[in-house]
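Take a look at this single chain, the form predicted alone, given in structure tokens.
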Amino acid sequence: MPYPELVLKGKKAKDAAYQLGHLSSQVKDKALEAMAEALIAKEEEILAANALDVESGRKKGLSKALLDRLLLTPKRIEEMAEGLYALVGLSDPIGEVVHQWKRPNGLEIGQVRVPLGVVGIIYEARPNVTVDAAGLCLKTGNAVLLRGGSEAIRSNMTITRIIAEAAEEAGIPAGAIQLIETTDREAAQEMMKMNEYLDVLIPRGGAGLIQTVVKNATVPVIETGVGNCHVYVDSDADLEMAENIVINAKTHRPGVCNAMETLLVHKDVAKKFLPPVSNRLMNLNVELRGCPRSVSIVPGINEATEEDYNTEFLDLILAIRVVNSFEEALDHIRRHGSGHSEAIVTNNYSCARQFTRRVDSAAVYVNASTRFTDGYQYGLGAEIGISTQKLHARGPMGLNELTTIKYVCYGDGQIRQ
């Protein structure tokens, strides 16, 4: 392996994971509190490092959405600390008996939650992920090996040093929270093959990053987060409610995976709904790309290509399609959706029920914005990402999703006949 740093960090993480798995909830919670306090106490140091990253990103021509993801403010640092405090208030899943039963021969069998071990995280320009991942992994007794994008390297190095030192002073073993500081792509490729040290790898970022990890990793991968999300405005929708949901889903934070990328509108309400909502969106600097019927209703908007309906824009761009029926809306979502978050706005109980049953996504909403697909919003504390796969974990990945089970069996001398 051409990157000895990775081997060294992998060994330290493996040793730390063994010790972490046996720590009490009190020690882990004390460390989380110390990490939160350290973030607030050293806010100026973090902001100074982040300012250098943001300035570098501007010179490199990063999009507004990426710069927004990269930017830290006092409020965002406070929210990172609040996420750690929220984890303290949640039950420690490690050691929980998930299920227990007794066999006819008297053997008692139980399923018990245990840590995954060493979790590797590969992510892009979001320094808050550094804190979320470290906190969730620590609470669940996992060591974490972080590999952030080059755009946020100064921020990530500063944050990791601050929270790791605070955790170690509170009794957490050295090596439990580590950052790979080389930003070479080859180092990321090597990390994807560290089966000896990593138990699972979680990519968090855009479609390109996720597919690179899925295709190249030999370490088991939990696939997260490409969010080609839809809001469907049904013929029986409350149009005022629909307008507010659409504005929120698209413009609240356009650069995140649970933002709406395509608006579907039933033909029966399109002429009444599209002009006012389009005006509001355009006043908020959203570029609209519509189907021919959308363009005829709202002249001046750009015509959408088929590729637009497959795209996670992560920007102030929205694709629009007028559909003939509820069934056509479902078919569009099935063909173009990424399995992340989908919403219907309707007062029709039957359509709402069918939508929740038939849309195959990690999160499905009735009369609410897709922006709620988030561990913190779901009451799970911070999240490690939004899983769009179906094995092991799906949706916002909180504490339980960072555990596995082992079988613990009690006998009194039974032997197999």
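Quick caveat, the model's predicted, so the values are computed rather than measured. All residue numbers refer to positions in the sequence shown, first residue = 1.
Below, we refer to the form predicted in complex with another copy of the chain, which is not included among the displayed structures.
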Next on the checklist: Would you classify residue 185 as touching another copy of the chain in the predicted bound form, given a 4.5 Å non-hydrogen atom cut-off?
Outcome noted: no
Next on the checklist: If we define contact as a non-hydrogen atom of the residue within 4.5 angstroms of the partner, is residue 48 a contact of another copy of the chain in the predicted bound form?
Outcome noted: no
Item to check | Interface membership of residue 25, another copy of the chain in the predicted bound form, 4.5 Å heavy atom rule | outcome: no
Item to check | residue 217, heavy atom within 4.5 angstroms of another copy of the chain in the predicted bound form | outcome: yes
Item to check | Interface segment, criterion being heavy atoms within 4.5 Å of another copy of the chain in the predicted bound form, picked from 75 to 83, 176 to 184, 237 to 245, 131 to 139 | outcome: 237 to 245
Checklist outcome for this item: If we test each of 330, 146, 281, 153 for a heavy atom within 4.5 Å of another copy of the chain in the predicted bound form, the one that passes is 330
Checklist entry - Which of these residues, 359, 54, 39, 65, gets a heavy atom within 4.5 Å of another copy of the chain in the predicted bound form? => result 359
Next on the checklist: Using a 4.5 Å heavy atom cutoff, which residues in 176 to 209 contact another copy of the chain in the predicted bound form? It's fine if the answer is none.
Outcome noted: 195, 199, 200
